[in-house]
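A single chain comes next, written as structure tokens; it is the form predicted alone.
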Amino acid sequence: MPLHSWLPRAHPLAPAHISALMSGVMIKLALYGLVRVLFDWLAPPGLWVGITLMAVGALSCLGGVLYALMQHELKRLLAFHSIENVGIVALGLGASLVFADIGQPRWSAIAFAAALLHALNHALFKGLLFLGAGAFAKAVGGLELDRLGGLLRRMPWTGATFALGAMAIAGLPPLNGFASEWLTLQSLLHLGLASQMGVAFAGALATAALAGTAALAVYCFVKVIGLVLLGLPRRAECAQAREVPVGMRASMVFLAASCVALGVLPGLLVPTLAALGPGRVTLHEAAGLNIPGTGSLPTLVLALALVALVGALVRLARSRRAAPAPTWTCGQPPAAGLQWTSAGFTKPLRLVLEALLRPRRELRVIASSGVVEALAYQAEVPHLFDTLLYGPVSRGALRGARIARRVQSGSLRTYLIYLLALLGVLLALARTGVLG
């Protein structure tokens, strides 16, 4: 942010595999250019550049996840999460520049490795999520969140891999998103312990931004899984959905396995990434993350413990005997219309942040002879960057174009007069010495 407005418009229009490439590869080209310019061509760029990059990253990750929560279309929601994750990468890169400037090359390399690891992780789990969204669209013909539901039972392979990708992007252990976010968080926490007051304050704010982003990301994907995979089908197409072909499933399974592998064994890759950083620091290679000066993250042990715990809970659940009963809905049969909607799920947060998000609501009562026959309710959360920044710029550009259009008369004689006038101005400037 604020150079992001094209992405939520592009993703819903692109095919799913193109969206996967856009998130996994194309937007990483900008990050590659940023790394080459700041860490190679301009090195060292100065303390203010690192702090500015951290500020832009904090704005992007918090703004991206907030607007993602308010979306009602799956691919548009995922597009805003790309903005969020690029913001997390920017936090790591900015912290690396700050560490390099204050004379801490080891932590500069660690923050740099965290940024590159998260960029790689984002390519994996976001590619998985977009491919899953494409499979859902193929099966049911649309991706409006309030018109899906119950797809996990009908598309178990796609649903399971999509759920795993959602847990990875939400930063849940022991998946790859958790490993890179943990490493970024450790870097920002250490930055908050710097002796310079301004640097420490910037590190504390960046830490708070990353922590808030992680919490809101979990909130968002609880909504997505609940509306897309669980509950009752909200349309006949969802009730009749069928699993996609093996070729489509294979790519999602591969990406899901990669998310697990990088979450369990991140320490095998981090030393290589750290060696690419400004300090060319060598870290110890291990399965987990063993960062000097901050404790460690035993990812392999954590993964085995979670697998054992889940296995014990599944076995305990199967040992219990209970008669199934329908969900209690105040005496009426369960219906898809009684389920939570996307707007209803996020309404508490929308009310708390109403002054910031500025939601619009319109309620129309349709009555006849004093009797209310129907209610029409419409609500939206406008994109403030569009309404407050790009809207005025776009309108100003169009006004300028209308003025410039008058110059295009189509007359050759008029164009010759323009050229003669321009030549006269240039000669006058040369005569006065302005043009040297």
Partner chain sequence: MTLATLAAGVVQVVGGVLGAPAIVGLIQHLKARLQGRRGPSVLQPYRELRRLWGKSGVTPEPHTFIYTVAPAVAAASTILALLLLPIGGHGPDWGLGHDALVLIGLLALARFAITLAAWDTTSGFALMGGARDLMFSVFVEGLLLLVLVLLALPLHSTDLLSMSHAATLPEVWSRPAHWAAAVAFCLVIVAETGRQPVDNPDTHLELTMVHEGPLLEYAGRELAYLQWSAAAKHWIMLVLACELVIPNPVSFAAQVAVLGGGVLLLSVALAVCETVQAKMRVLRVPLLLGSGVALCLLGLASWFAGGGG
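Positions refer to the first chain, counted from 1. Predicted model, so just to flag it, every value in this text is computed and none were measured.
Here the subject shifts to the form predicted in complex with the partner chain, a form of this protein not shown in this document.
Student: Just to confirm, with a 4.5 Å cut-off on non-hydrogen atoms, which of 275, 211, 239, 261 contacts the partner chain in the predicted complex?
Tutor: Contact with the partner chain in the predicted complex is made by 211 alone.
Student: Here the chain is shown alone; which of 189, 137, 268, 257 has a heavy atom within 4.5 Å of the partner chain in the predicted complex?
Tutor: Only one listed residue qualifies here, and that residue is 189.
Student: For the chain seen here without its partner, which of 320-328, 88-96, 121-129, 242-250 has a heavy atom within 4.5 Å of the partner chain in the predicted complex?
Tutor: The contacting stretch is 320-328.
Student: Although the partner chain is absent from this view, report whether residue 226 comes within 4.5 Å of it in the predicted complex, heavy atoms only.
Tutor: Yes, residue 226 sits close enough to the partner chain in the predicted complex that at least one of its heavy atoms falls within 4.5 Å.
Student: Might residue 76 be said to contact the partner chain in the predicted complex, defining contact as any heavy atom within 4.5 Å?
Tutor: No.
Student: Heavy atom to heavy atom, is residue 167 within 4.5 Å of the partner chain in the predicted complex?
Tutor: It does: once the partner chain is placed as it appears in the predicted complex, residue 167 has a heavy atom within 4.5 Å of it.
Student: Taking 4.5 angstroms as the cut-off for heavy atoms, does residue 305 touch the partner chain in the predicted complex?
Tutor: Taking the distances in the predicted complex, the answer for residue 305 is yes, it comes within 4.5 Å of the partner chain.
Student: Any residue of 158-189 with a heavy atom within 4.5 Å of the partner chain in the predicted complex counts; write them all down in order.
Tutor: Heavy-atom contacts to the partner chain in the predicted complex: 167, 172, 173, 178, 182, 185, 186, 189.
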